[in-house]
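A single chain, nothing else alongside it, follows as structure tokens in the form predicted alone.
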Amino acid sequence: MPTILGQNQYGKAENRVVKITRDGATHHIKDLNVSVALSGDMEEVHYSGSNANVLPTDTTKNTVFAFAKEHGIESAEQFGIHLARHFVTSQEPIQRARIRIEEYAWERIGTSDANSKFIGADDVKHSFVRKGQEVRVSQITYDGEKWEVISGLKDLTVMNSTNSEFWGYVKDKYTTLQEAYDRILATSVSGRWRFNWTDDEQKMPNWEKSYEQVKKHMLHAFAETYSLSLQQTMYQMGSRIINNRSEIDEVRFSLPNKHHFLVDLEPFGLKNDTADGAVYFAADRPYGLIEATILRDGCEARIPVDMTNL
């Protein structure tokens, strides 16, 4: 039986780009990890080895760095849009470009006051410490006509130390878990959200403001939901985003349940769970993994169910 070529793409992955913008003595940082994947009329390079339609991956790497200087980095999404548009419109064989970006945030280091014998705080605007809360992610795809922009975050660890229960579940002969009426609820949020901006005729979202607002609504929903299950909390997080952000039609979450178990201190003559607090064992594995898509009514799900490669 003859074989045929299926889906294929190529490009340069994980281009680490740090852009410093100097506004006089005040400096600003954008720190990105950019991966480019191109596809289109690429049959011959696979069948015969002809590179006539191949833009070298080294060129895609160079373009990423050149665009960081030429266009700046207003946001990860806007930078990805510049790149995707360039690759599709400048190279006829390339019919689709997908740009994936991780962004690592930095914040300014607080320094000594102006009366110090060292440089005063008013004078130091070029020192930063890496933020550790989460990694911002985005995926921009362009086929010459339509855009798809999916933004998100990962590794955002959150915890409620109370206002969480888990009981009334199915029990069989293998069930040993005790019902909990006051427990710790903790997870490391991996979330993606898809924008309904799809073509250049539409008004483009304010990507930076949108990200901050989505994160705010997500965290508020986590904190304000009295949780009877992580699924319930997750649904409230997604619903809060969609109900408050008109530019977003779909949210996808993958939430590992970071279990915390009360430690048995009775052998040491200690009562653990008391009014003044308790001691828990934080288990890293195995863990429950809760995943779901939350949609605006009438919209179709397009974010991949398996987000591990997104």
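Each form is matched to the other, and the largest set of C-alpha atoms that superpose within 1.5 Å is called the rigid core. Numbers for residues come from their place in the sequence shown, where the first is 1. Here the structure is a predicted model, which means the values were calculated and not measured.
Although not depicted, the form predicted in complex with a further copy of the same chain is the subject of the following passage.
Between the options 202, 163, 95, 196, which residue brings a heavy atom to within 4.5 Å of a further copy of the same chain in the predicted complex?
-> Spelling it out, the residue with a heavy atom inside the cut-off is 163.
Within a 4.5 Å heavy atom cut-off, is residue 78 in contact with a further copy of the same chain in the predicted complex?
-> Residue-level check for residue 78: no, no contact with a further copy of the same chain.
Heavy atoms within 4.5 Å of a further copy of the same chain in the predicted complex: does residue 158 have any?
-> Output for residue 158 is yes: heavy atoms within 4.5 Å of a further copy of the same chain.
Does the 4.5 Å heavy atom contact test between residue 274 and a further copy of the same chain in the predicted complex come out positive?
-> Looking in the predicted complex, residue contacts with a further copy of the same chain include residue 274, since a heavy atom lies within 4.5 Å.
Do residue 103 and a further copy of the same chain share at least one heavy atom pair within 4.5 Å in the predicted complex?
-> Residue 103 lies outside the contact set for a further copy of the same chain.
Members of 128-144 lying within 4.5 angstroms of a further copy of the same chain, judged by heavy atom, in the predicted complex = The stretch touches the partner through 128, 129, 130, 131, 132, 133.
Taking the rigid core as reference, does residue 26 move its C-alpha 2 Å or further between the shown form and the other one?
-> No, its C-alpha moves less than 2 Å.
Once the two forms are fit on the core, has residue 246 moved its CA by at least 2 Å between the shown form and the other one?
-> Not so; residue 246 is displaced by less than 2 Å.
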